[in-house]
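One chain comes next, on its own, written as structure tokens: the form predicted on its own.
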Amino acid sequence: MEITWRPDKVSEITLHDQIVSYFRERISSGDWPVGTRLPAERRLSEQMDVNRSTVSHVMDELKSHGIIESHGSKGTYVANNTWSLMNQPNWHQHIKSSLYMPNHKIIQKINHYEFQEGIIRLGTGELSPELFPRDLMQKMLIKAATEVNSLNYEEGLGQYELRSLICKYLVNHGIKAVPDQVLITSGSLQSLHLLSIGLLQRGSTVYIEAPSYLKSLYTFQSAGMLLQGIGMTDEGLDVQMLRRIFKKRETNLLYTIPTFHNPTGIMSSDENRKALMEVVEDRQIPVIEDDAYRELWLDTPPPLPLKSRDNNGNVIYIGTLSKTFAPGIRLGWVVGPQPVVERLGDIKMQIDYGTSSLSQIVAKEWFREGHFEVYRSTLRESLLSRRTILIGSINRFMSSFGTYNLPGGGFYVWFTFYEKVDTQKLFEEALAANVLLNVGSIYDFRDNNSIRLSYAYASEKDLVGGIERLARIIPKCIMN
């Protein structure tokens, strides 16, 4: 593009404003339609006989309003011809300067494409609609409707009866608690959010397994925390590594998923849990134990939670109905020392003024009538069948490409490639084939050459078809 126009250097109107007006006229008139590539800044400054810094300021302003956009080495292009954008607040700048970090780019794509028609979701961490207990849910809603006198706000910590029922339920797992030590939350994610802003100072370190579900979130990082990875063994978190590197500061803590770990599916052994709790008590390490998958064992019941061994109030325990019942009910719980629970409850009241009353009523029915005991038995049978199908498909189509763990429960198979694979390219190539993956790098501090496969969501037919498609794509993504 050759520009022969020059701004008037003796005009009272600044050079900056003259150039903006010139661009406005050319773009709004259609002379430079959307998609037009603009000359580089150096070339523009030469053509218009102005300093490059003046051009740079103009281009930055137009970019901030979405009129033009840069595609890196490919150049800068006209992106919009709606000049009313120039009269709006600079929302892009506000967004960039906000406290909460945006999701990882791959997570953003997963969140977008998982609701697209025809997508096979091989990484999704939720139960298939095929497994939803429709008849049971209908009965619970009918029963709950007879109890609804109002849907006003609830107690700050949640309905007392529900908290009492959860305490009764936790006794089966060796955890003794009273209702005042339980907070009802809007799912595990809110539990983590409350803990990140309620217990820690900016600059604190949160120790996590590497890889870890927490690494795929920016909850703690947005609150100003640092994450540090602790390696894993086949027995669970590397306790000796934790002992070596943990720095004793009151605001540091450990986050762990010892039971059917997300994303690897590893089950922490009873011996490992015992050793970990010895270090926790010795170093006075505050611990967040995420026990979302406990009820989903397929072979043998898991060891008791860390919280069951907690004699000194070191462990904060979080649970949820999202994995064992339905994520859309948005109900979880935090169990911990009463001062901690009260602190988190006070923050929660500032955020949403309490978890949904209707969700709490349904959850009461779930626990009070023992529905969870009936449903989890049939659910385990279904998940066991799905695990068999997924493992069979991996053995049939992908055994030459890598190795995997055989999880004893939960949702996930952690598949690691023998050869170095460009997992970003694998994600994109699979997406083009209508297969949605969760690549291992989103859970780790580095590219771990792995992917997380789930047998919980996709239909049995799609589990086979999705793995077969994936096997055809992998060779194209192996790095030489």
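Model, not experiment: these values are computed from the prediction. Here the rigid core means the biggest group of C-alpha atoms that line up within 1.5 Å when the two forms are laid on top of each other. One rule holds for the numbers: they count along the sequence shown, beginning at 1.
FYI, the form predicted in complex with a further copy of the same chain isn't displayed, but the following is about it.
When contacts are defined as a non-hydrogen atom within 4.5 Å, all of Phe132, Thr146 and Leu217 contact a further copy of the same chain in the predicted bound form. Contact check for Pro102: a heavy atom falls within 4.5 Å of a further copy of the same chain in the predicted bound form. Proximity of Leu406 to a further copy of the same chain in the predicted bound form: non-hydrogen atoms within 4.5 Å are absent; the residue sits far from the partner. In the predicted bound form, a further copy of the same chain stays beyond 4.5 Å of every heavy atom belonging to Glu117. For Arg387, no non-hydrogen atom is located within 4.5 Å of a further copy of the same chain in the predicted bound form, even though that partner is not displayed.
Though a further copy of the same chain is absent from this view, in the predicted bound form it lies within 4.5 Å of a heavy atom of just one residue from Leu226, Leu304, Ile351, Met241, which is Ile351. Residue in contact with a further copy of the same chain in the predicted bound form (any heavy atom within 4.5 Å), chosen from Ile175, Ile208, Val334, Leu127: Leu127.
Just one listed stretch, out of 152 to 160, 295 to 303, 373 to 381, 393 to 401, contacts a further copy of the same chain in the predicted bound form at the 4.5 Å heavy atom level, and that stretch is 152 to 160. If you take 296 to 325 and check each residue for a heavy atom within 4.5 Å of a further copy of the same chain in the predicted bound form, you get Asn311, Asn312, Gly313, Asn314, Ile316, Ser322, Lys323, in sequence order. Taking 2 Å as the criterion, Ser28 counts as shifted between this form and the one not shown: its C-alpha moves by at least this amount when the rigid core is aligned. With the core held fixed between this form and the one not shown, Arg37 has its Cα displaced by at least 2 Å.
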